[in-house]
Ligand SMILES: NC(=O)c1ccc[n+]([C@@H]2O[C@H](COP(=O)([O-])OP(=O)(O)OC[C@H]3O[C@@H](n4cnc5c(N)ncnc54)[C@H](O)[C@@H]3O)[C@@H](O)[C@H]2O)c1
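As a starting point, one isolated chain is supplied in structure tokens, in the form predicted on its own.
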């Protein structure tokens, strides 16, 4: 087949990463771009040399020559755009989280099943080199049975504000923005066990803290003073195989120790996946620390997206089995919904499935 013709919907910051990855592929080209902001999308297309742009995603989807789209919009439009794209015969790569809630995610899954098209979720950490090595070692039995994991992203003063802090656009705060990555990373290397119950807590005591001086933070392209999402969330997630995951995330927290971490523990060995990569186990009766040797990517963030988008293209062009399917996105929404429900009710929530 010829080159895949790709449309990008949404021209916020993450779309630039998608664009860079697509441009590295020999079997894909960007055919059109869409954004609600006409001036922004026009400037974006001029920057990247894209011939066609729209302010209505339905007009982009009406182009029958376009094979697939990347959805890089606010969370509240993921489901609507994905369903429209699938029903128009397009394959879809949707940024995480898949949707605002489980109901929307299941509507997306049903649309993918009806259309026979691929709906891939942007769980980009599945494409890190460290993730591949740990997953290979676990699958080869080096860790024994994985029974516990812990992970988190703790920011001291890192609320991005804008749409990230507007619950009507994002669906929540650090849990749905940062926690989605860490929960999925742990589930993925553990073999994707299904969650059966969660106990969660969430707090909104500190706000955006825009008054803090001399602190650089990530900002979205559209500013806003709205902040009605949680500052901090934590949860204990129990899976159907008996394993447990503890997760904590914050946009703002009075801590001197900002950190990103992920660890898994098994009967034969454990591993720190983030921020450094090392294993802990026993050899000939001695406790040993093992550090796998591999060549790290020069730009790790972009490299993960490069592999993710190359995989998306391969799934479409060659029928490669998708390692980040819609079913995993739906499962993630079940977990996130349950954590928010538990945080609100103050009790453990069981996860029931139809």
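Numbering follows the first chain given and starts at 1. A quick note: this is a predicted structure, and the numbers were derived from the prediction, not measured.
Not pictured, yet referred to below: the form predicted in complex with this ligand.
The stretch among 36-44, 22-30, 60-68, 318-326 whose residues place heavy atoms within 4.5 Å of this ligand in the predicted bound form is 36-44. This chain is drawn without this ligand; in the predicted bound form, the residue among 104, 230, 177, 248 with a heavy atom within 4.5 Å of it is 177. Only one of 185, 165, 202, 72 comes within 4.5 Å of this ligand in the predicted bound form through a heavy atom, and that residue is 72. Interface membership of residue 88, defined by any non-hydrogen atom within 4.5 Å of this ligand in the predicted bound form, is ruled out. Contact between residue 77 and this ligand in the predicted bound form is found at the 4.5 Å heavy atom cutoff. Using a 4.5 angstroms threshold between heavy atoms, residue 14 counts as touching this ligand in the predicted bound form. The shortest heavy atom separation between residue 173 and this ligand in the predicted bound form exceeds 4.5 Å.
Relative to this ligand in the predicted bound form, residues 129, 152 and 296 are all farther than 4.5 Å at every heavy atom.
Residues from 191-219 that approach this ligand in the predicted bound form with a non-hydrogen atom within 4.5 Å are limited to 218.
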